[in-house]
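This document starts with one chain, in the form predicted on its own, laid out as structure tokens.
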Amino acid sequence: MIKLTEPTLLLDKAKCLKNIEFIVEKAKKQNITLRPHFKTHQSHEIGRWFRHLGVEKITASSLKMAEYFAEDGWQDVTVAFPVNVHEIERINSLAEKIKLNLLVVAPETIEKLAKDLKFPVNIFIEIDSGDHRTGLNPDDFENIDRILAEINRFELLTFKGFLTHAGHSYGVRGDKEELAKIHRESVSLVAPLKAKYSAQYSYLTISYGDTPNCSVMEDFTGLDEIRPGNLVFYDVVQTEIGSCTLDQIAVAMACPVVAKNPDRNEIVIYGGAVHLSKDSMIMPNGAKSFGKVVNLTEKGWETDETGAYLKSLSQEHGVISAPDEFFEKVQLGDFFGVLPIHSCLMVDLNSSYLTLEGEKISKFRFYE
């Protein structure tokens, strides 16, 4: 194992590449465009691993993130977040250089966007296919038509298609049939929009995203592109959903032991909410877990059950609840790995990765 001195975000490059190759090959077999969401890895270098396999179009979660990836040569970027018209200068700067696709959820946005727009942009209308976060109902033709009429008023705006995220798939736990049901229902809600509007917009795209369905489903009929993000690394929640196995999780936080409490069989690690986020999940025994504790090895980490779990987090501290045998073996200064409950947020909190080969890989930082 590489030398570690502090909480460190480890990346298993081999697993990551395998995850990328899996979704690239699936998209090819399904004859569907892969527009991966780069909000999970947020890295030029990891983005290039997709590019080397033929990916040309990507998704970002903010205009600032889109700028970061445009700097590395990505020329077709969808920002899958309702457009913030206050960032018009950033929109113009990007639209001058790349094909920029923006997301709209209300007709009122269009005029505000177009008012100071200087370069062409494409517009996706977001459709709520069951997640109930943002987006129009798929049968809200009044507002869909109002948005389309507004787009058609402005020369610099082009309607791109309909975009949806079946995020309610994240509530599934180990039930592939329930996952399939969500997928079928989500597709059945958005696919008819293409039939309704394709006579007027022959190039119309139906864009669909979420890691669970993109990982498990094999039939994407009615869709034109998929946008999985978390799939690049996966995480513990994805194993509970049934999207992947523990062996496919490609990131772990390495944390040193700084204290032990024999009265409670608790181990304190240097690794808290600022490293891992405070995402949690309820385990089968009813306990709340903030991360799966694994043993580190010379080649990465084991996925065998240790019986230990991360029971609580404060800013810098993490408290592990450990069974007797595990607790007795642990020494102050030992390093353990923590597999993330949610890899996207854990990665977002860190400034770089360290591969198992000792290579440092930088990433985007929103607040720098």
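Numbers for residues come from their place in the sequence shown, where the first is 1. As the structure is a prediction and not an experimental result, all values here were calculated from the model.
Keep in mind that the form predicted together with a further copy of the same chain is not shown, yet the notes after this line are about it.
- a further copy of the same chain is not drawn, but in the predicted complex it has a heavy atom within 4.5 Å of Glu316.
- For the chain shown alone, Leu345 is a contact residue for a further copy of the same chain in the predicted complex, at least one non-hydrogen atom being within 4.5 angstroms.
- Within 4.5 Å of any heavy atom of a further copy of the same chain in the predicted complex lies no heavy atom of Gly167.
- a further copy of the same chain is not drawn, but in the predicted complex it has no heavy atom within 4.5 Å of Ala14.
- For the candidate spot formed by Phe124, Leu148 and Gly161, no residue has a non-hydrogen atom within 4.5 angstroms of a further copy of the same chain in the predicted complex.
- Just one listed stretch, out of 175-183, 191-199, 258-266, 233-241, contacts a further copy of the same chain in the predicted complex at the 4.5 Å heavy atom level, and that stretch is 258-266.
- Taking His132, Lys118, Lys97, Arg153 one by one, only a single residue has any non-hydrogen atom within 4.5 Å of a further copy of the same chain in the predicted complex, and it is His132.
- The listed set Leu102, Val293, Ile206, Met253 contains one residue whose heavy atoms approach a further copy of the same chain in the predicted complex to within 4.5 Å, identified as Met253.
- Residues from 269-295 that approach a further copy of the same chain in the predicted complex with a non-hydrogen atom closer than or equal to 4.5 Å are Ile269, Tyr270, Ala273, Val274, His275, Lys278, Asp279, in the order they occur in the chain.
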